[in-house]
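Listed next as C-alpha cells is one chain, alone, in the form predicted alone.
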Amino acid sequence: MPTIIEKIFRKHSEDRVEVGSTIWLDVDLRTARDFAGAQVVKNLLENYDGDYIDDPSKTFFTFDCNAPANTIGYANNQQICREFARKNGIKVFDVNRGIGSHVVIEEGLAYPGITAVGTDSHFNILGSIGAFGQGMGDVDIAFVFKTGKTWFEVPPTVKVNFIGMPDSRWTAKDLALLCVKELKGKVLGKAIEFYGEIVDKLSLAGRITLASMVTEMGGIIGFIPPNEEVIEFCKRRANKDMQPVYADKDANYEEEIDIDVSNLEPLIALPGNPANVKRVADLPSISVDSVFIGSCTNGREEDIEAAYNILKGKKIAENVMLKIVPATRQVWQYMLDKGIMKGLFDAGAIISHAACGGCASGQIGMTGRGEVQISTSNRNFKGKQGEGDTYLASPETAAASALAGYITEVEE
C-alpha cells in the first residue's frame, strides 16, 4: 500500500510509481532564488529557443540569499532574473519579501499534496504542510521551467515514530536536533514520515523547523501529515479547497524507527557538524560572542516571539552581538504590530529585514576566526556562517545565552 510520497507521485505522473522506478513527474510550482537563479536564466537562453516557460503562473523567482544585494555579483544576478521575468510574465518575490520557501506557503502557492522544486537545498521544507518539495540544480530547474516536468527516482520511505512526551522544556528545534543525531546515516536518499503525539502538538512553525532539517538528516523529504490547523491555514492562503494526502494504514515502509522523546530537553549541535548533538546542560561554560536568531528553520513569528519573551525587560550581555532576522515580511509586520520589535531593540538586538540572514553571504554579518556563535540555523559547517565556531540551538537557548554571555539553557 502506498506511502505519502507514492500517493503524491501517482497523482502527478502517468508512469508506474513504485520504489526504485524512475518517473516523469509533473511539477505544480517551480521557483529559482537569487542563488543560481541567473544560471537558470543562462541555461534557458542557451539551450532553448524563444519559448522558455511552460506556465508563467506556476513559475517564480524569490530573492532571499543576499537581500538586498551587498555584492556586485548578486546585484547583477538578481537583475538578470528581474529582466528575464519581465519579458516572460514571471512574478518576482523581490528582496523585500523574505525566504522563498516560506513566502510560497504564505502566498498559498504551496499547499498539501502539490509538487514543487526550487534552487534551494532546503526546499523540502514543504513537507511541513504535506507537500512534496525538492531542491535541484540550475540545469534541472531550467528544464522544469521549460517543460513543467522533471524525472525523479521514487525513494523508499522510513516511518519515524516518536514515543512518549517530554516536559514543557522541549522545543521543535530540540526535536529536530535529536532527529539529526538519531537518523543521520539511516535515512540517506529516503523519504521520512513523522508520527507521534509530539508531532501532533507541533504548530505550523514547529513543523517547519522539523522539516527544514531533514536535509541535515540525509533524507530527501520529511512529511508531517497535515492537521486541521495546517489545512485551514493553507485553505485561507490558497483560497481553495484541497485534499491532503495521507499514507495508507498498511503502507509499505522500508523501515520503522522508534525515537523515545520522553526525556527530550534543550539540545545543541557542536561546531562543524549538525549531528554532533549534546545536551546544553552537559556543556562547560563557553563564552559567546554572537547570537543569530532567524533562518528558514527558526525565523517564524513563534520563534522570534519565544526569544522576545526571554529578552523583554532585560539587556543582553555587554560583549554579545545579537542578530535577529525574520523569515518574511509578514513576520516582520507581526513583530512591529505586537511591540516585539521595540522590546528586542531595547534588549540590545540588531534587527534586519526579512531574508535568510546569517546563513547566506553575510547579509547580517559573518563570524570571524575564533568567534563563538549560537545560531538557530540548520547548518554549522566551517565557513557556512563564517570562520568562527557555530553552535546550533533553539531560539530559547540562543536568547538565554545572549543574556548570560555564555551557552546556557532557559532557567525553569
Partner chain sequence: MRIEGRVWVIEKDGKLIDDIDTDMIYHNKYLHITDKNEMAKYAFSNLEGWQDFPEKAKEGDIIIAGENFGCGSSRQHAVDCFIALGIKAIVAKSFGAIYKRNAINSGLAIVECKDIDKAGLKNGDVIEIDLERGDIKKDGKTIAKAKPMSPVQAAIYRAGGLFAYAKSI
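Being a predicted model, the structure only gives us computed values, none of them experimental. Positions refer to the first chain, counted from 1.
The following text describes the form predicted in complex with the partner chain, which does not appear among the structures shown.
Student: When the partner chain is placed as it is in the predicted bound form, which of 323-331, 148-156, 168-176, 259-267 ends up with heavy atoms within 4.5 Å of it?
Tutor: Contact criterion met by 148-156 only.
Student: Taking 4.5 Å between heavy atoms as the contact cutoff, choose which of Asn43, Asn380, Thr59, Thr367 touches the partner chain in the predicted bound form.
Tutor: After the contact test, the surviving option is Asn43.
Student: Name the residue from Val280, Met136, Cys234, Val277 that puts a heavy atom within 4.5 Å of the partner chain in the predicted bound form.
Tutor: Checking each option against the partner chain in the predicted bound form, the one that comes within 4.5 Å is Met136.
Student: Decide whether Val17 counts as a contact residue for the partner chain in the predicted bound form under a heavy atom distance cut-off of 4.5 Å.
Tutor: Flag for Val17 set to no.
Student: Residue-level question: is Asn47 within 4.5 Å of the partner chain in the predicted bound form, judged on heavy atoms?
Tutor: Looking in the predicted bound form, residue contacts with the partner chain include Asn47, since a heavy atom lies within 4.5 Å.
Student: Check whether Phe162 has any heavy atom within 4.5 Å of a heavy atom of the partner chain in the predicted bound form, and answer yes or no.
Tutor: Because no heavy atom of Phe162 falls inside 4.5 Å of the partner chain in the predicted bound form, the answer is no.
Student: Examine Phe143 and determine whether its closest non-hydrogen atom to the partner chain in the predicted bound form is within 4.5 angstroms.
Tutor: Output for Phe143 is yes: heavy atoms within 4.5 Å of the partner chain.
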